[in-house]
Structure formats: C-alpha cells, structure tokens
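Starting off, we have a lone chain in the form predicted alone, written out as structure tokens.
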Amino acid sequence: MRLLSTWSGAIYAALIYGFIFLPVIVLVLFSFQGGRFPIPPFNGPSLKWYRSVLADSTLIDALLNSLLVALSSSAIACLLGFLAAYGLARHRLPAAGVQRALLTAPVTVSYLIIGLGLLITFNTFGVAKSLMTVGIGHIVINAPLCFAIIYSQMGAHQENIERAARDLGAADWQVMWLVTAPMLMPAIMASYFLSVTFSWDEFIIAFLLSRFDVTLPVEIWSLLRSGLNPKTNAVGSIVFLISILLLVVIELTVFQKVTRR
C-alpha cells in the first residue's frame, strides 16, 4: 500500500511538473530548429536563430527597453508601496480602512481597463506615448502589490524596536530608513522582484502606452503577426535564461543573507 502511494505521488508530481514545464521545454527545443518553421520534425540543433536575434538591433533594443522599464518602475513602485505601508501601519490616519482598500483596488482591475484609462488621461493632458508612460502604467499596477506585501509584514514586534530607536534619540526618518526598512528587507525585496517579473512580461499596458520605443513583449507580438518563427523561440529562450540567472543571483545574494539572520 505504501509503495502504491509512493508511486501515485511520483506520477502525480511528474504530471504536474510536466504540465507546467512542457511549454518551456518545447520553446527551448525548437529555438534550436535548423529549419524555417518551429514545427516537427525537429531539424537541428542549430544556433542560427540565436545569431539572428543577437544581430537584430530592434530586438536587442526592445530587450533593453524591457529591462529599463522593469527595473526602474519596480523600484519606484516598491518605494511608494513601502511609504504607504509605513504611513498606514505606524500613524493614525483618517479612514485608514478606506485608504487601504483604495490602495489595493487596482489589483482587482483588468490591465486593459487600466491601460485604456491611462491612455485617455495621457491624451487629455497631451503626454506623448513613450517608455515613460509605459513605466507609469507599470507603477500603477505594481505599487498596490508592493503595498500589500510590505504592509502584511509590519508587525507589533517591529513597532517595539522602532519605539526603542526613538527613545535612543533617532529621528522619524532615521527610524524609517535605518530600522524599519532593514527589518522589512525580505518583504521589500520580494515585492520588488515580483514587480520586475510582472513588468518584464506585461503586454497590454505596454502595447497601449508605447509608440516607437517598445518593450520586448510588444516586439514579439509584432514578429508573431507574420506567423511562427524560430526567432521568437530563441528570444523566449534568452528571456527564460535571464530569468533563471536572476533567480540564482537573488537566491545566492539576498535570501542567503536573510536565512543566515
């Protein structure tokens, strides 16, 4: 009976992991396709499509644009989320419950609605579509997420430490930046990298709010309009590799330090 249970669990786990990772495996496999179309039978392996991607200045520019927007907008969203969480958790504000609800409300709104609303707003005020407007859109969708994560980790034990710091003569800004922020660093880093992930592959807002300088998802969509192409598989594989490397760096640098503490 125990052996049957073990095998059942192993088969179930294999099916779950296969369901999750099979699309990625197929994507990476056909990125090495030597032929013109990423369909069976497999003809390769070949690095021609990776060379094509690296020689395509438009794709490289879109990749760099995505990195720029993801890193910068996530940093601003994380900062705004931290300040909002600190203000609502450590100060008595009027209608605090309503303010928390309003701050987290964008999480429940469709990206399409947010993108259209921002597009109308920018057009009303004469703001041209650019990477800056895409970044603003990503701040709008990621700041509530950062606020929710950081606010959930602000407990009473941290407040006692903050009170002790004030008793020792620290000013409010010193308490916030030198005491509270380091204690909340795991939550801050988690919210930041989660925001980077969401911004990195976000398409709808980036499509609506960009014009000439576009992010990588928008550029991939433009490629797919002409049909299947192994070049898009190569781009996806490169993005996947960057994501894996980023996770490894985070694990070795950030979370290892948190675990040691």
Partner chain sequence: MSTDQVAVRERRKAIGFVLPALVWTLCFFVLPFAFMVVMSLWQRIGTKIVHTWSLDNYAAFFAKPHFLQGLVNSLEITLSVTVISILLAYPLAWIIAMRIPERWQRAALILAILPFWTSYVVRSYAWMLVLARSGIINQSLLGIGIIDEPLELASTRTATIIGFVHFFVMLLTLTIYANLKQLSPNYARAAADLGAGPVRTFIHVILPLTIPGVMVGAFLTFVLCIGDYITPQILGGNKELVLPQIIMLQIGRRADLPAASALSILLMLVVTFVYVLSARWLKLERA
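Computed from a predicted model, the values in this text were never measured in an experiment. Numbering follows the first chain given and starts at 1.
Keep in mind the form predicted in complex with the partner chain is missing from the figure; the text below concerns it.
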{"query": "Non-hydrogen atom within 4.5 Å of the partner chain in the predicted bound form for each of 105, 120 and 204", "finding": "yes"}
{"query": "The unique member of 152, 72, 99, 130 whose heavy atoms fall within 4.5 Å of the partner chain in the predicted bound form", "finding": "99"}
{"query": "Listed residue that, although the partner chain is not shown, lies within 4.5 Å of it in the predicted bound form (heavy atoms), from 229, 33, 210, 65", "finding": "229"}
{"query": "Residue 52, heavy atom within 4.5 angstroms of the partner chain in the predicted bound form", "finding": "no"}
{"query": "Contact test in the predicted bound form: residue 188 vs the partner chain, heavy atoms, 4.5 Å", "finding": "no"}
{"query": "Partner proximity in the predicted bound form: residue 197 to the partner chain, non-hydrogen atom cutoff 4.5 Å", "finding": "yes"}
{"query": "Residue 78, heavy atom within 4.5 angstroms of the partner chain in the predicted bound form", "finding": "no"}
{"query": "Within 106-141, the residues that have a heavy atom no more than 4.5 Å from the partner chain in the predicted bound form", "finding": "106, 108, 109, 110, 112, 113, 114, 116, 117, 118, 119, 120, 121, 122, 123, 124, 125, 136, 139, 140"}
